[in-house]
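Structure 1 and structure 2, given next as structure tokens, are two forms of the same protein chain, each shown alone.
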Structure 1
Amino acid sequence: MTNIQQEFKKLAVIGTGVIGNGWIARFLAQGYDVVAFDPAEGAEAKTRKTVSHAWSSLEKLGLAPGASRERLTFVPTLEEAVSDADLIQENVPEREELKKNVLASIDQFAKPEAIIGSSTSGIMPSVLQEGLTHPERFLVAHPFNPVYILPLVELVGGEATTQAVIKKAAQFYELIQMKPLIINKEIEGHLADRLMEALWREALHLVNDGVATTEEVDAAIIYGAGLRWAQMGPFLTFHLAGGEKGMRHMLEQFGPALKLPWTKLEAPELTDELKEKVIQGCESHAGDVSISELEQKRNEFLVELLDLVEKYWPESNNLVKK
């Protein structure tokens, strides 16, 4: 057992919505004891159902020794959940004051050496750690849905977060088969969500302006850019677009086009008409396939795709800076 494994024995999850349950499934699959707290009625039943649905995908990915769904415990109070935890993952709704209040309670009841990670998708860590007694052990640890399959986790420290905590957190998330991406400069939305939001805004404009349907927008990504991005991302993809001279030629050739008004950076007004276009488009595209069935198809696809990604980007290509 490594030093990091010895330091992280019990994990706590506060807030068991889609993201919180995803963390629980991943933690259990990696052989940890997990304590969860969520005051919502029926939270435990929903969590156990989610974990059961995720388990077949986790089995395909490979369970760690000792992995068991029985190692999950729900407790009636936040204090019981965090008091003995070595790492606490907060996942309450994306409302600043709510998160700060919950984090203050976690900070009060957790042992001083415990690390607190927030799954916030947009709030900067310096804002969330204001008023904490031990702000140095707090950081953003932002995952992507489904957390139990997708390996990326963005780690962002605030002004008071120590580098030692960021390093230890990165080692832990790497240990549970994730790809920790340490972001050294705070910004709203962090990194990946800002990129996805830009594409989402443009997609809404295309639908709103009648250029394409929701299904056509999805097809443009699925059979075009998305396939390349899964292997190389946008920069290496464009590096290849420049031929033998790579990015140098690509920028010389296509750089001027960046000044053309091809895209609209501001989001369109989310009118009732646009909402209905998007909603009806998605429902028509999905047809008779339920959300649960779509999730299962997504999971099966992602498990197979991850195997392919690892084949072409082996484990040596690690995001953590040693």
Structure 2
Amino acid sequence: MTNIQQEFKKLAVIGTGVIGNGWIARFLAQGYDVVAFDPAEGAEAKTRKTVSHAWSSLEKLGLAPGASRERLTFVPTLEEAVSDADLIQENVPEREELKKNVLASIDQFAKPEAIIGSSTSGIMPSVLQEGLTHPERFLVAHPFNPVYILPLVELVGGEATTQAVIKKAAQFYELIQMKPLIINKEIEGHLADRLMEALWREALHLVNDGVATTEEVDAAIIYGAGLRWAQMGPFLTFHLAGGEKGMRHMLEQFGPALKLPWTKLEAPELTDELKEKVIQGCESHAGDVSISELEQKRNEFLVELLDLVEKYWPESNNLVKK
């Protein structure tokens, strides 16, 4: 057992909506004792149903030794849930005042050294930790739905969060098979949600302006960019669209388009400094793998992915009208 395993034995989940339940399923599958609290009527039954639904996928991903759905306890008060926990995951609705109130209670009843992670999609940690007695052990730990399958968790500390807490949290989330992405600059929406939100708002504009239906937007992503982003993300994907010279050529060719009204979002100035950051970032991500090898890997991936899409959601075929 590693040190980190010894330090985190009991986990508390506060708020059991879609995200809270996702955490519970992941924690249980990773072999932890979980205590949950949610004041909503019928919350426990809903959670147990969600965990049962998720379990077959979790088995396929691989359960930790000792993992059991029986190791979940619902308790009637927040105090009971957090008083004995080593890590508390907060998942109440995305309203600043509500979150601050709940976090104040967690802070009050938790052990002083327990780590508090908030699943907030967009509120900055410095805002949420204001007024806590022990703000140093608070951080944003923002996951993605379904939490029990998707590996990404964004970790963002506030001004009062210690580096030691961020480091320890990263080790813990990694231990439970996640990819902790530490974000060093606080910003509304953190990182992933800013990207998602930009696309989401543009999509809402397109629907609002009568350019497309939601189904056409879904089709435009499913059969195009969505397939590529899953493997390499937006930057490395464009690195491959530039041919042999990669991102350098891509920026030469499409840089001028940043001035065009191709979205309602204004682009930053494509300065030499920004260009070099982008080019070098792509070259570093690609590592020693040549563009031609990258293309081969991408192609093989896409051929298999198209089969998967067809296997699990052939209904998208109906999105493209004849």
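Please note that residue numbering is based on structure 1, beginning with 1 at the start of its sequence. Remember, predicted model here, so these are calculated numbers, not experimental data. The term rigid core refers to the maximal set of C-alpha atoms that superpose within 1.5 Å between the two forms.
- Between the two isolated copies of the chain, the form predicted in complex with another copy of the chain corresponds to structure 2.
- Interdomain rotation between structures 1 and 2 (smaller rigid part relative to larger, C-alpha based, rounded to whole degrees) is 178°.
- Look at residue 305: with the core superposed, its C-alpha moves 7.2 Å between structures 1 and 2.
- Superposing the rigid core and comparing between structures 1 and 2 gives a CA shift of 2.5 Å at residue 209.
- Aligning the rigid core between structures 1 and 2 leaves the CA of residue 293 offset by 38.2 Å.
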